[in-house]
Structures are given as C-alpha cells and as structure tokens.
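Heads up, the chain below is alone and in the form predicted on its own; it's given as structure tokens.
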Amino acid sequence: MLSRTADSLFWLGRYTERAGNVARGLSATWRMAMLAAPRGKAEEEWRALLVATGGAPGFLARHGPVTQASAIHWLTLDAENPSSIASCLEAARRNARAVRTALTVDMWAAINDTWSELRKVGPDVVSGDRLAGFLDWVQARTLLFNGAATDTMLRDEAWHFVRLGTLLERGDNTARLLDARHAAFDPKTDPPDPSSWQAALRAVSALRAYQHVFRARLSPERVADLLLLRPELPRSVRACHQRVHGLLETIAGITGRRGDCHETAQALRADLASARIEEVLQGGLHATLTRIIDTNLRLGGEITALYLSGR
C-alpha cells in the first residue's frame, strides 16, 4: 500500500473518532455545567473540556475568558479550531475522498452524507436546547461510519490503518479526559467530587458499563480503574492500546516492516497490563496519565515515520 493511501486511511479513522469524542465530551460537560452553575463553577467544567480536547491554548489566545457560548462554538463549528466537530468532519471527508476506492460504498456514504448535512446547518444549531440534538446526531453519524467499516470492510491493510487511527485517537481521548479531572480522583480530595466521576464516565459512554461491572456506588478508584485499566471496556486506555499493539503486529506481518513504533506500543501495552489502580493513584494519577499521553504522541509520530511519510 502506498504511504499516502495509508496516511489518508489512518487520519480518516482519527478525525472521525475525534468528532464523536468531542460530541460526547460536550454532551457530558453541558449537562454538568448546568448542575455546577448555581455553585458558580460552570466555567471550571468548560475549562476542563477545553484542556481534554487539547484546544485550551488556542481558545484562550482567540477568545480569552472561558464562557459557555464561546466554548461551545469553538468545539462545534469554529473553522479556526482544527479539533472542532466541523473541522474534524471536513478533514475526515477530505481523507475519505482521497482513498474512496479503498472504502466500501457504505463507508463513503456515511462520511459524505454527514459532511453534506453539516454544510447545511447554521450557527443556531448549537444554541440553546438545540445543542443536545446536534451532539446526538454527530455521535450517531460517527457510530454509523464505524459500524459500516466493521460490517463491510475487508480485513486487509486498509482496514488495519483505519482501525489503527481510530484506536490511537480513542485511547488518547480517554487519557486526556481523565487527566483533565485528575484532581477529583485523588483519594485525599475532600469533599469528594462524584459529579466529576460521573462526567468522565458519560464522556466515554461508560456510565452503564460501570454499573454493570461494579454494581456499586461511584468511587474514584473504580471509575479510574474502569477508564484506565479494565480490558473489557472498549474505550479504556488499556483496551485501546492492547488493540493498537495487535494492529501494528498485523501490519508488520503484512508489510515486513518494523520500527520504533512496535517497541513503543509493546512497552505501553505491557505497562498498562501490569498496572494496578491502587499503585497508580498512590503514585499520582496525573503523572501516569501525562506519561501515557506523551507516549501516545510519540507513538503517533513513530507510526507516521515508518508507514505514512513515504520515506
């Protein structure tokens, strides 16, 4: 496979996943901000989401003080934000168009129809009570794309690169969401902050999964364990990097090419598999998540250098 084709497939997966992740995070934050408003802490909720999406520096440089309206616009429709929902879906469609013959009809229809519908909406679609409907629509469209890929795509190189981008983005998102609220997961935090634990779960659609796994009231240790280390949760950091490692091994078997990315992925997978949440929290959740986020960033660069750059 040509490196430029692999690159477009990889970023198609990443940008589609990112759009859905931003929509989930926004939905959870909007809900929590309404609850926090009477206590004067709504701004903290929006600031945490901006940090989690990596857009805080750009937002602050452009808008200054954080307000609900400016944060929502920045994360949904602002073309100046490369990680806004609109920017992500535009980039996903651009990459899909570049490799249209490598996609199935259903995959192309899912991403192209989403892009076409998005172009018709105005700024009022994210105002007031209409925001919830828009975010639900974005999540549904990204799920449709992922479902189309899972159900109709050959398990060849194209599939592996789409999934590699999707899972690398997914693992990074979960780590960043946890890190943005890491103080709430410190066992010494007094008073406890269950609203932050719930917001983290909602942001990865894992509230019901928590109830099924633990059948207990929310606790910071269990929430952190589920989102970071539990392999059965498909959006946990461990589950994502376990599958990233497997995909890279499969790609190496197909292409005969191995590099630094394989060693990095293997080391991160092993670290997460052997970690225990009690030790993680005792050593500092923020330190662990910062290391994971930095490693994930390095891993993306190593994948690009080996498979996507054309060198």
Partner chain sequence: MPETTVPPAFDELGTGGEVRPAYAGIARYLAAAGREELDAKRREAEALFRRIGITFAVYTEGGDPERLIPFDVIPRILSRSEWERLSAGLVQRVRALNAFLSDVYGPRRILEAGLIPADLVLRNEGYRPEMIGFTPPGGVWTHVSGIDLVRTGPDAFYVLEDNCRTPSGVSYMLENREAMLRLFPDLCAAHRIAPIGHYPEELLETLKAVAPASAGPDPTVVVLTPGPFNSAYYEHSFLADEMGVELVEGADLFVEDDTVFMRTTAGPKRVDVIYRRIDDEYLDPEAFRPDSVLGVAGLMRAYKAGRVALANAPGAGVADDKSVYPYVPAMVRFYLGEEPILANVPTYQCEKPEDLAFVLANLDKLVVKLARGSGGYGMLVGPHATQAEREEFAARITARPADYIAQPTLALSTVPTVVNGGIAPRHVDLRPYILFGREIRVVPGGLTRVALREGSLVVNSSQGGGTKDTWVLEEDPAPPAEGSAGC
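In this text, all values refer to a predicted model and were calculated from it rather than measured experimentally. Positions refer to the first chain, counted from 1.
Absent from the display: the form predicted in complex with the partner chain. The rest refers to it.
J.: Heavy atom within 4.5 Å of the partner chain in the predicted bound form: which of D225, D179, D78, E157 fits that? Just give me the one.
T.: For this set of options, the contacting one is E157.
J.: Which listed residue (R93, R235, R141, R230) meets the criterion of a heavy atom within 4.5 Å of the partner chain in the predicted bound form?
T.: Only one listed residue qualifies here, and that residue is R93.
J.: Any idea which of 22 to 30, 255 to 263, 273 to 281, 42 to 50 reaches within 4.5 Å of the partner chain in the predicted bound form, heavy atoms considered?
T.: Of the options given, it is 255 to 263.
J.: Do T304 and the partner chain share at least one heavy atom pair within 4.5 Å in the predicted bound form?
T.: No.
J.: Since only the chain is shown here, I'm wondering whether F185 would be in contact with the partner chain in the predicted bound form (any heavy atom pair within 4.5 Å).
T.: The answer is no: F185 has no heavy atom within 4.5 Å of the partner chain.
J.: R202 versus the partner chain, in the predicted bound form: is there a non-hydrogen atom within 4.5 Å?
T.: Contact with the partner chain, no.
J.: When the contact criterion is heavy atoms within 4.5 Å, does R97 count as touching the partner chain in the predicted bound form?
T.: Yes, R97 is a contact residue.
J.: Please state whether all three residues M1, R4 and S309 have a non-hydrogen atom within 4.5 angstroms of the partner chain in the predicted bound form.
T.: Yes, all three are in contact.
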